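Consider the single chain below, provided in structure tokens and representing the form predicted on its own.
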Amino acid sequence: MALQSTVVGSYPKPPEEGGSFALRKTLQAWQRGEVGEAELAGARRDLAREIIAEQEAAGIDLVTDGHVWWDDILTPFAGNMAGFEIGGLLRWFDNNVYYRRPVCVDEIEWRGPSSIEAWRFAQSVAGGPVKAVIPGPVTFARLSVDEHYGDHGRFVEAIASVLAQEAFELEAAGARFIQIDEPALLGAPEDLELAKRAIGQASGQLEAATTILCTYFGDAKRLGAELFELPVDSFGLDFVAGPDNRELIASLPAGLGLQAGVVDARNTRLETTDEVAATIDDLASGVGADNLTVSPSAGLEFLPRDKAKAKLERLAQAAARVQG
């Protein structure tokens, strides 16, 4: 398999400066009761189609729908699980975006898929495979409030059982790549053994899909090489906010993939193709180009649309140069 390019997940929803933000207008009209659910869903589909086309035009191999159906990565899942209520807004790590904090008030149970309809639509309009993204159980638990279980391990494993079902249904729907986002694990090395069991619940049910354990907003040096014992096929690491990850990948076992965040998803400065290519070439020399996928350092929702698109173009150009 050749060197690939991808995105981490989110993409800017607002259009480039001067454009009409159709989804926002439709959402406001929906809140006023002027349009129905069908019109709102149509606006989301239109934006997903547009974002997928932008990623593909930039040269990205493995796209997402930009999370146009989500306000944040937790709410769509928590809102569709029995046992959760949706709380107030909190800052998403150290960024100027927010998420609604899930509050567990009862036994957590599966109430059907949360992301499959959106993934199916994205795959229907994409020219290649679309990566599915779900939150990791440790991050989900650490960014939530537990008012029911009273035990962190039980709480994480209860969440994991539902996310395992989501992953199973995604694969059954045809998803070939499933990313599990675990940024909170970087600050919780004491949860590493728990993460192995919890993520194993999801990956253990899958037969063919490639699984990617994705971290961002820092380095994984507190986790050390034990991180690579997690039961997934590939590991996403942020080489912008976590330059020490360069030392860690020397311990990446043969046969495992690396999804490397090499352009800054939180800074409008546009990297040159030369500097991105140099970073990719350095990483490829360590893990092998066939085991390497390159991406932005995190989701691109923090950037203006034109900057996000330009960064993806540079990323794809640099990857093609190294591959060539």
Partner chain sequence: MTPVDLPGPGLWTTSVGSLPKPDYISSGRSRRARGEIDKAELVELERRATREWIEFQDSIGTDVLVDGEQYRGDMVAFFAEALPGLELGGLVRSYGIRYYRKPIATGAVGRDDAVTVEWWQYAQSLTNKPVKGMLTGPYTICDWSFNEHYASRRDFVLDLAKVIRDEALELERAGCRFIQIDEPAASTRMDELDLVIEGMEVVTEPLGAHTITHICYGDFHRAYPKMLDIPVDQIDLEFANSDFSLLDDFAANPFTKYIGLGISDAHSHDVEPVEGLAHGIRRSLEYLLPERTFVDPDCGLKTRSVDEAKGKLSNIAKAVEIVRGEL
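Residue numbers count along the first chain shown, from 1. Because the structure is predicted, anything quoted here is derived from the model rather than measured.
There is also a form predicted together with the partner chain; it is not shown, and the following applies to it.
K.L.:
Choose from 266-274, 253-261, 57-65, 282-290 the stretch whose residues reach within 4.5 Å of the partner chain in the model of the complex, heavy atoms counted.
P.N.:
After filtering at 4.5 Å, what remains is 266-274.
K.L.:
When the contact criterion is heavy atoms within 4.5 Å, does A241 count as touching the partner chain in the model of the complex?
P.N.:
A241 lies outside the contact set for the partner chain.
K.L.:
Check whether N80 has any heavy atom within 4.5 Å of a heavy atom of the partner chain in the model of the complex, and answer yes or no.
P.N.:
No, N80 stays farther than 4.5 Å from the partner chain in the model of the complex.
K.L.:
In the model of the complex, is there a heavy atom of the partner chain that lies within 4.5 Å of any heavy atom of Y99, even though the partner is absent here?
P.N.:
Flag for Y99 set to yes.
K.L.:
Does the partner chain come within 4.5 Å of any heavy atom of R111 in the model of the complex?
P.N.:
Although the partner chain is absent here, R111 would stay clear of it in the model of the complex, with no heavy atoms inside 4.5 Å.
K.L.:
Sort through E247, D151, D94, E190 and report the residue having a heavy atom within 4.5 Å of the partner chain in the model of the complex.
P.N.:
Only one option qualifies, and that one is D94.
K.L.:
In the model of the complex, which of the listed residues (A225, A172, L89, V105) lies with a heavy atom within 4.5 Å of the partner chain?
P.N.:
When the partner chain is considered in the model of the complex, the option within 4.5 Å is L89.
K.L.:
Mind listing which residues of 6-44 have a heavy atom within 4.5 Å of the partner chain in the model of the complex?
P.N.:
K13, P14, E17, F21, R24, L27, Q28, Q31 sit within 4.5 Å of the partner.
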